[in-house]
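Quick setup: one chain, the form predicted on its own, written in structure tokens, and binding and motion questions come after.
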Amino acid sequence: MTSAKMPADEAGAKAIQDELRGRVVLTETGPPPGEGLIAGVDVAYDDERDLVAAAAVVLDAATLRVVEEATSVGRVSFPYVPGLLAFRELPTVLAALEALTVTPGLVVCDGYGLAHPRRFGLACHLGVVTGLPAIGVAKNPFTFTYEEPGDRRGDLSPLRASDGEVVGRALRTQDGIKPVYVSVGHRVSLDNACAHALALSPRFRIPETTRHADSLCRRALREATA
């Protein structure tokens, strides 16, 4: 894995996004669901102290058991700018991934990939920088629109930008429960990204990868600020 370029300002951040966006690979299907190792990453913030804690949790895709987990706590080194959130999270997330002794076949982000105003969300950024297949599974549709999918688990509908471009899918992971919003990050097809999101969510709306990573990064932040 390589370290990520960090910008000095907003213009620099957009320039890095523009450069890296051209490296996103959209022609690969990605690893098959239910096989290999899958990592979930998530972050928690302490705004008063300017701290961010990241967690990377690796699950066995077949059993959804935790294989390994790692955390990292760092300073927030970039201001909050809509569309540039990855620069606040990326260094600490990469540090958590680097601390793992196993290499996952897929990284699942609690956020966005192509479903992003500049078509380069955290899942794209992380995928390009690490070279790993990556997808985004978000809890809300951000600025995009969709028609409500059917009520049954596995039902889906296109997630669209204002110009009509399909940037992801709204996916029902549990019967009658609000959908999640899946988008491609790097080296995974949208069909396969949705299949992974479904396989990782056997009991709850949110993928097990995200549930574990969310709990772990919150704990790491509590311990860092205790």
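Quick note: we count residues from 1 along the sequence shown, nothing fancier. Treat the numbers as computed from the prediction; the structure is a model and nothing was measured.
A second form of this protein, the form predicted in complex with the DNA, is not displayed here; the remarks below concern that form.
**Student:** Just one of 93-101, 69-77, 126-134, 139-147 has residues with a heavy atom within 4.5 Å of the DNA in the predicted bound form, so point it out.
**Tutor:** Looking at the partner contacts, the answer comes out as 139-147.
**Student:** According to a 4.5 angstroms non-hydrogen atom cut-off, is residue 44 in contact with the DNA in the predicted bound form?
**Tutor:** Answer yes; at least one heavy atom of residue 44 falls within 4.5 Å of the DNA in the predicted bound form.
**Student:** How about residue 156: is it within 4.5 Å of the DNA in the predicted bound form, going by heavy atoms?
**Tutor:** Heavy-atom contact with the DNA at 4.5 Å: absent for residue 156.
**Student:** Under a 4.5 Å heavy atom criterion, is residue 122 part of the interface with the DNA in the predicted bound form?
**Tutor:** Heavy-atom contact with the DNA at 4.5 Å: present for residue 122.
**Student:** Test of understanding: in the predicted bound form, would residue 21 fall inside 4.5 Å of the DNA by heavy atoms?
**Tutor:** So residue 21 does not count as contacting the DNA.
**Student:** Is any part of 88-122 within 4.5 angstroms of the DNA in the predicted bound form by a non-hydrogen atom, and which residues would that be?
**Tutor:** Residues within 4.5 Å: 88, 89, 110, 111, 112, 116, 121, 122.
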